[in-house]
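Form predicted on its own, single chain, as structure tokens, below.
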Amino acid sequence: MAKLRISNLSIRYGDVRAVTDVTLEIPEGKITAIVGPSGCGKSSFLQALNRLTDLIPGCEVSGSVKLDDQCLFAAPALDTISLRKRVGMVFQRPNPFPQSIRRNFEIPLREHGTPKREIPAIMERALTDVALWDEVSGRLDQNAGTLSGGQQQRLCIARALALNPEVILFDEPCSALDPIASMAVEKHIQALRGRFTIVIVTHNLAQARRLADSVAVFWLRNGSGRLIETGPADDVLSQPRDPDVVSYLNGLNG
């Protein structure tokens, strides 16, 4: 069953077309990896899935994105704050609020109407989900910037989990981390399979092999990012059909 249905999605920045005519279904409760060389529109595509593209001056989006049966771009008056609660995002570089660990949860939860008395339990549960509670429970009032890079990224994942989203978007979540921290983050992403629908952009093909149930390969053609192959991860990564994907997986292109 598809959680997100993308049809003929195109994204333009002024005269530059970043993404052209992408049609893709994102299965519910699974991990979908978006791979491909730099500059082929992967991050732009990801940002369109919760309308972060609205925040980019000059960005124009056409086509259709459906979350369940709700059309995300058909109604400009859509409540994007509520949408981003349903479709959370974790960015390439850890971006904790420059406040205490506790405030990193209080701010978004209060913004979405969570009663103050419920926040401590939600925070503990989310931090436990990413194996961070035991590491930080005694210093919740310290600035989140005092955490290591890997801890900060796990905090950002926990902050997204605290809002109980239906979908979590990950944009290169391990690219700024060392190998040990990366493996820790991967482990926790894997543990979310089945509870959430996950879409992860990654340049790391080994990571895609480890994490993904399905893979979508983007490529730059005629100056714009296009989806050139998609399917189950084992099929795409082991027996690709498109010649560019074959070369990419063999390290000869991209």
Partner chain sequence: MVLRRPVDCLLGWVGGLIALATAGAFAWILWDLVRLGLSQVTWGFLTGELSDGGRSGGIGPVLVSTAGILGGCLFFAVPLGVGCAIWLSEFVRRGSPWARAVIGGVDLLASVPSIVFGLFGMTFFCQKLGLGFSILSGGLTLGCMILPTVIRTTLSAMRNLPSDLRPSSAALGLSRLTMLREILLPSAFPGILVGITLGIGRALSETAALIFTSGYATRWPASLADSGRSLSVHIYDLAMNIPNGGANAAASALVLLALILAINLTASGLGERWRSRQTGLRN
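These numbers come from a predicted model, not from an experiment. Residue numbers count along the first chain shown, from 1.
Only in words, not in the display: the form predicted together with its partner chain, which the text now covers.
- With the partner removed from view, the residue among 163, 123, 184, 132 that has a non-hydrogen atom within 4.5 Å of its partner chain in the model of the complex turns out to be 163.
- This chain appears without its partner; in the model of the complex, the one residue of 67, 52, 189, 208 with a heavy atom within 4.5 Å of its partner chain is 52.
- In summary, the region of this chain contacting its partner chain in the model of the complex, judged by heavy atoms within 4.5 Å and restricted to 222-230, 52-60, 34-42, 198-206, corresponds to 52-60.
- Although the partner is absent here, residue 150 sits far enough away that none of its heavy atoms falls within 4.5 Å of its partner chain in the model of the complex.
- Shown alone here, residue 111 lies within 4.5 Å of its partner chain in the model of the complex, counting heavy atoms only.
- Under a 4.5 angstroms non-hydrogen atom cutoff, its partner chain in the model of the complex lacks residue 73 among its neighbouring residues.
- Among heavy atoms of residue 115, none comes within 4.5 Å of its partner chain in the model of the complex.
- In the model of the complex, its partner chain lies within 4.5 angstroms of at least one heavy atom of each of the following residues of 133-167: 143, 145, 159, 160, 163, in sequence order.
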